[in-house]
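Only one chain is shown below, in structure tokens, and it's the form predicted alone.
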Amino acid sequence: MLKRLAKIAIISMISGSIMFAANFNAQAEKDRHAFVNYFLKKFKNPVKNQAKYFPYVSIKEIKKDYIYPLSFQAFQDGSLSWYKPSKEQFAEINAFPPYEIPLDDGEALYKKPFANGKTYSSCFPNPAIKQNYPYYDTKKDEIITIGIAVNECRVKNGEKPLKYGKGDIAKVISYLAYKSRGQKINIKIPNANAAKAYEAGKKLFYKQRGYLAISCNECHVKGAGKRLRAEALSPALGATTQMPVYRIKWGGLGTLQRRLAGCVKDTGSEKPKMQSKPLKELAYFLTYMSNGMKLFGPDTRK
């Protein structure tokens, strides 16, 4: 009898653990569905929903300049997804994409042998991997971004790590992104610590901060589909799909970490260090919100 009860208890513990493990992403999935539905509803009929979502935009301007309704995948285009003038402008620019040369450089770097004779392919034999980043490494107990993975590969092969944000690391990531085009974002939350990291990223996204006392949410959720002076505000949904991006403002290619650090600085906060814990958590949350969306990077933006 005691053996039978012990057996039942062990089975119950295992079943409970499996159920608990399956629920690590339960809250994140609720968040994601609400996030996606908000944007789909907002851009389904901006004319009809003008009073609710676009109170400071005239019906005339919406009819003239807005693109709607938007599909889930359309949000990969950022502000180009909903604003005709931007879409038309960048269609002309991307006739000869400014990211093509750094993309070619990235392919050359991927194939160039390290001093030990190996290449990046020794770590990433299939370069179509970007859909899995950032991921939570349960052994290291931390978030691993694609930039960290690239530098870990270099160190493993006796090379010095690259500086984050721009330059060669952005070029290598752009090649990995290009090879990953069409792959669907597939971010997972494998354990309780990963769930905490996700929640920390969510908190940072919605937190008002800096001397301007604004949050990411105010510009890229509530503000998405509006203009700030001449700037068309891009939706947070799909924001990571086109990374890295060649920004006209930068005059070059930059990574997601560089873009996020700049956004935080724009709130009037101190610019965070790239690959810092908060910035990785923000990237983890933001990328999870676009789970299931196809990648289309690198791309061109203002």
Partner chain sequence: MKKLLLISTITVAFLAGCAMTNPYASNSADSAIANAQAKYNKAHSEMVAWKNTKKILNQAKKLAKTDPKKATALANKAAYQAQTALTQSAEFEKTWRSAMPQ
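Residue numbers count along the first chain shown, from 1. Nothing here was measured: the structure is a model prediction, and the numbers come from that model.
A second form of this protein, the form predicted in complex with its partner chain, is not displayed here; the remarks below concern that form.
Asks: So in the predicted complex, does Lys118 come within 4.5 Å of its partner chain, heavy atom to heavy atom?
Replies: Result no; Lys118 lies far from its partner chain in the predicted complex.
Asks: Using heavy atoms and a 4.5 Å limit, would one call Pro190 a contact residue for its partner chain in the predicted complex?
Replies: Flag for Pro190 set to no.
Asks: For Ile148, is any heavy atom within 4.5 Å of its partner chain in the predicted complex, or not?
Replies: Taking the distances in the predicted complex, the answer for Ile148 is no, it never comes within 4.5 Å of its partner chain.
Asks: Please run the contact check for Pro46 against its partner chain in the predicted complex: heavy atoms, 4.5 angstroms, yes or no?
Replies: No, Pro46 is distant from the partner.
Asks: Counting any non-hydrogen atom inside 4.5 Å, which residue from Glu100, Glu152, Glu159, Glu199 sits next to its partner chain in the predicted complex?
Replies: By the 4.5 Å heavy-atom cutoff, the listed residue in contact is Glu199.
Asks: Among Gln89, Asn217, Ser122, Asn186, which has at least one heavy atom within 4.5 Å of its partner chain in the predicted complex?
Replies: Comparing distances to its partner chain in the predicted complex, the residue within 4.5 Å is Asn217.
Asks: Where, among 253-261, 238-246, 266-274, 66-74, do residues come within 4.5 Å of its partner chain in the predicted complex by heavy atom distance?
Replies: In short, 266-274.
Asks: Note that its partner chain is not shown here; using its position in the predicted complex, name the residues of 198-230 with a heavy atom within 4.5 Å of it, in sequence order.
Replies: Glu199, Lys202, Lys203, Tyr206, Lys207, Gln208, Arg209, Gly210, Tyr211, Ala213, Asn217, Val221, in sequence order.
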